[in-house]
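In the block that follows, a single chain appears as structure tokens, in the form predicted on its own.
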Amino acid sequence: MATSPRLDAKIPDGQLSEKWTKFRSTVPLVNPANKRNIEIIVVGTGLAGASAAASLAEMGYKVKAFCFQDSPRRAHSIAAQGGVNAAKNYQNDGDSVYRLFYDTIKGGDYRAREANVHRLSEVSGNIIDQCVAQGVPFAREYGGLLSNRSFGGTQVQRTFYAAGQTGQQLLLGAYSALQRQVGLGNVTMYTRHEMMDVVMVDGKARGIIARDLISGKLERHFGHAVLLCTGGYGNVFYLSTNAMGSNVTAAWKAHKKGAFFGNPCYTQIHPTCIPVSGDHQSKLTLMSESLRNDGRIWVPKKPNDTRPANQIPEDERDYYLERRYPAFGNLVPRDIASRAAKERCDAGYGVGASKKAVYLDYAAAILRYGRVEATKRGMHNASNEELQVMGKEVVKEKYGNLFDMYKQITGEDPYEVPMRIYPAVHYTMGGLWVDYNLMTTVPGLYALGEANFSDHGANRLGASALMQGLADGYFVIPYTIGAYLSGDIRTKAIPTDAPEFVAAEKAVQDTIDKLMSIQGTKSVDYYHKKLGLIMWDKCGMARNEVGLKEAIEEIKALRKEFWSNVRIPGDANEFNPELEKAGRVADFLELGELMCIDALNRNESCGGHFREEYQTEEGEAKRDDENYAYVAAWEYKGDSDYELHKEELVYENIKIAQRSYK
């Protein structure tokens, strides 16, 4: 299982705790005068992209930033709810950099790169300091200290939060930093622009082809380096918690130009989402994992119990996570909580009209908080009604916007009745393979945040997505990009009328022309929904050999039908959302096949990749460390043709063991 010679992770030598410090002290630098002559393209302006663009511009580089939204503030990072992790040990509960590192490796089922995860843990504390300095309104205790809460897979409180809108507040901080650089003229911002392809010159990424989504015009842009900060690909399933515009196109175009795709089958299913209510839906809504801090998850002990939740006595309720995982209870990692909910529903204990839901109940938490408040106020004989009122006030302060959102969507008041939740596609741990410097296998092409594979293994712990995005943008790429650009200071700006730019634009235009010429009978959404059903049924929460083989053939057939029968109204040279979607779905149809190929190749269960043939007697994921302790990095060779390269995962500071949260 040797590492492929095509993969050089560039991990620094030395002790794990000293690698990043040593790297920062020895990495080649670009002097300020030379930085002014170097242009960097940043695609995507969520947390990773906005923080990277702002930081690099602050350092003196000339930056071009692109987003397909009408403002960087509309990036999907804004939808994150629960919090951001950092090893500051504010609660004096035993947290440390090593413990965050260990929890992340274990939470990812020992399928993440050790050096990258330790670096992430090291810089996590800096993220909080940076964001506080920007004015991010983190929740605070009465005395003014920053507040913390717990998330799944940990036994400490290390998650910093701003009610249930942490992503929004962090993005506004990064956006402010970005806009400052725009105002200074150091960043040129291109909104309503979508990257359509990477331009390669002499084997290096030297620019992009972008489409102005308002006019339909194609544009050529040069850059000494290109950073892809374009998020994940969960919308391959059609229904997910992602914004409807979230897509894989930028990463996929890079993949087809030589960037290996790492672990594409690693998909995270989030356990606390509002259940599907019908086939009319275009997306699903996440209820923050932070709700599992105080909410208790249960189902009736009697199968097919149709009684309202509040009429089911306590002794007839099965708090199955607390029963199965007493050490972590409701705060087990997401993959485990999701499979446990699916198991209960498949066994006939599901609730609601669809029977595809479980309860998330706040009744006990409301009473508990009510008693605390009563004690604080000297009310030693408070009535149950008074306790309820005071408890609801506390819950509202902590989670009020989440409770309001649930009520608006479902029409049910979660202060009075338990929420109904069910797992849904949320995050993708796979992404473009990158080395320690965050560079892909294409020189000069980087991937940051959810667009790369590097930090989460086979399952991401809650509140670690915001941590990685900001770490990559603020504290990693400003150092690591120097290793490449220091050797590029003599490279002059390449004219965009160079043959490579002309050829890349022509290839993009040819694809657009082909899509517009089909004029079939089915809409883009028709094919996206069909792909999503195949992926969810056969490469979703559970996979097996037979289903994956069927899915591969079904996706091939669906892709063939798409390219012969899709109908795109309107014109290419105008604002045309259906054309935008068509290009993205065309890429999903190729990615979906690779995801199934990867899942079929990995004959083990680990994290979010659950192969039904490989599980313990208790139904837990059963890894095969002897044969599959590697990153699967896939090289594009042609249509339905991929070559597997393996990066061996070596753990020198952690003892690999079967995950246990009992």
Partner chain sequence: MNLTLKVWRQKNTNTEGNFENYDVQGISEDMSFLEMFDVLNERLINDGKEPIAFDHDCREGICGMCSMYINGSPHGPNRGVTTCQLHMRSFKSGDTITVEPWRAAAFPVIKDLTVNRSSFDRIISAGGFVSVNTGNAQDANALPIAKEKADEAFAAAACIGCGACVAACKNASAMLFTSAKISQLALLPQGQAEREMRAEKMVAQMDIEGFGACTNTGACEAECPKGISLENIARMNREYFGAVLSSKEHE
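This one's a predicted model, so the numbers in the text were calculated from it and none came from an experiment. Positions refer to the first chain, counted from 1.
In what follows, reference is made to the form predicted together with its partner chain, a form of this protein that is not presented.
In summary, among the residues Ser517, Ser564, Gln155, Ser71, the only one with a non-hydrogen atom within 4.5 Å of its partner chain in the model of the complex is Ser71. Among Arg324, Lys283, Lys392, Arg149, the residue placing a heavy atom within 4.5 Å of its partner chain in the model of the complex is Lys283. The stretch in contact with its partner chain in the model of the complex, judged by heavy atoms within 4.5 Å, is 472 to 480, chosen from 300 to 308, 255 to 263, 472 to 480, 344 to 352.
Shown alone here, Gly378 lies farther than 4.5 Å from its partner chain in the model of the complex, counting heavy atoms only. Its partner chain is not shown here, but in the model of the complex it comes within 4.5 Å of a heavy atom of Leu172. A residue is said to contact a partner when one of its heavy atoms sits within 4.5 Å of a partner heavy atom; Gly143 meets this definition for its partner chain in the model of the complex. Its partner chain in the model of the complex is not approached by Leu218, whose heavy atoms all lie more than 4.5 angstroms from it.
Not one of Tyr98, Arg339 and Ala586 is positioned with any heavy atom within 4.5 Å of its partner chain in the model of the complex. Residues of 73 to 100 that come within 4.5 Å of its partner chain in the model of the complex, judged by any heavy atom, are Arg73, Arg74, Ile78, Ala79, Gln81, Lys88, Tyr90 in sequence order.
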